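Shown below, as structure tokens, is a lone chain in the form predicted alone; questions about how it binds or moves come after it.
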């Protein structure tokens, strides 16, 4: 695995609809070695504050450019939104272990389902690009229509889309995991790939176990160092505690103890 600390030039950085931002920076090394599901750790300012870097899933790569989508929540991401094209960011990456998909990436016959909850769409766009030959089915869930992201990007990759919102403002009214159960009554995929909030991932794991379908889950945890040194993002697995940043963020659903 090739990990580097670089000064990356910002290509673009803009606010998307709602409270989200889209960042694109230049890094041939990260773009070359990144695997869908990995992340980068970004120092949002040159000052001492904020002290900690911000972990961001890799949303996509094109040539030497790397794309990130982020939710503007606190001081760190608010500062990141102010950074201008032409400026440089201190970035470490690519980090962590991503999804395992090499065999599926070359298949035109494989059926796979990608399940995203909220910001969980970020790494799944990168994965959908790798699996585009098989035209995966993508299920996206959010509280309301305004929080549904990346529809056009998934469509451009040839994915079939099904949406679920808690308030019924678009698509299926209810949780995306309820929609998943309905979908699995009609088809049995080779695998499930999911990223989103912890309760959603737990339910996806249960559904995968009930239906005997292998599932890979990308966990969302608070990370400090991003390299497994601080032990701040430990999760319990069948082989003991593991760091989400170093051993994950992607784990087999059968490996995790909820």
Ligand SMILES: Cc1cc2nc3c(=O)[nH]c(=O)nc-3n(C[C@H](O)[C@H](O)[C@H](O)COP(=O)(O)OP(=O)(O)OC[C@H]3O[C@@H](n4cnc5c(N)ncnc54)[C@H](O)[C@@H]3O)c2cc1C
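Numbering follows the first chain given and starts at 1. From a predicted model like this one, the values you see are computed outputs, not experimental measurements.
Beyond the structure shown, there is the form predicted in complex with the named molecule, which is absent from this document and is the topic of what follows.
Engineer: Quick check on this chain: which one of 119, 137, 110, 170 has a heavy atom within 4.5 Å of the named molecule in the predicted complex?
Structural biologist: Of the listed residues, the single hit is 119.
Engineer: Which of 22 to 30, 221 to 229, 186 to 194, 207 to 215 has heavy atoms within 4.5 Å of the named molecule in the predicted complex?
Structural biologist: Only one stretch passes the 4.5 Å heavy-atom test: 221 to 229.
Engineer: Does the 4.5 Å heavy atom contact test between residue 60 and the named molecule in the predicted complex come out positive?
Structural biologist: Close contact is absent here: in the predicted complex, residue 60 is far from the named molecule, nothing within 4.5 Å, heavy atoms only.
Engineer: Tell me, yes or no, whether residue 146 is in contact with the named molecule in the predicted complex, where a contact means a heavy atom of each within 4.5 Å.
Structural biologist: No, residue 146 stays farther than 4.5 Å from the named molecule in the predicted complex.
Engineer: Can you work out whether residue 75 and the named molecule are in contact in the predicted complex, taking contact to mean some heavy atom pair no more than 4.5 Å apart?
Structural biologist: Residue 75 belongs to the contact set for the named molecule.
Engineer: Does any heavy atom of residue 129 come within 4.5 Å of a heavy atom of the named molecule in the predicted complex?
Structural biologist: Contact with the named molecule, no.
Engineer: Counting heavy atoms only and using a 4.5 Å cut-off, do 141, 154 and 163 all touch the named molecule in the predicted complex?
Structural biologist: Checking in the predicted complex: none of 141, 154 and 163 is within 4.5 Å of the named molecule.
Engineer: Which residues, if any, of 170 to 191 lie within 4.5 Å of the named molecule in the predicted complex when only heavy atoms count?
Structural biologist: If the 4.5 Å heavy-atom criterion is applied to the named molecule in the predicted complex, 170 to 191 yields nothing.
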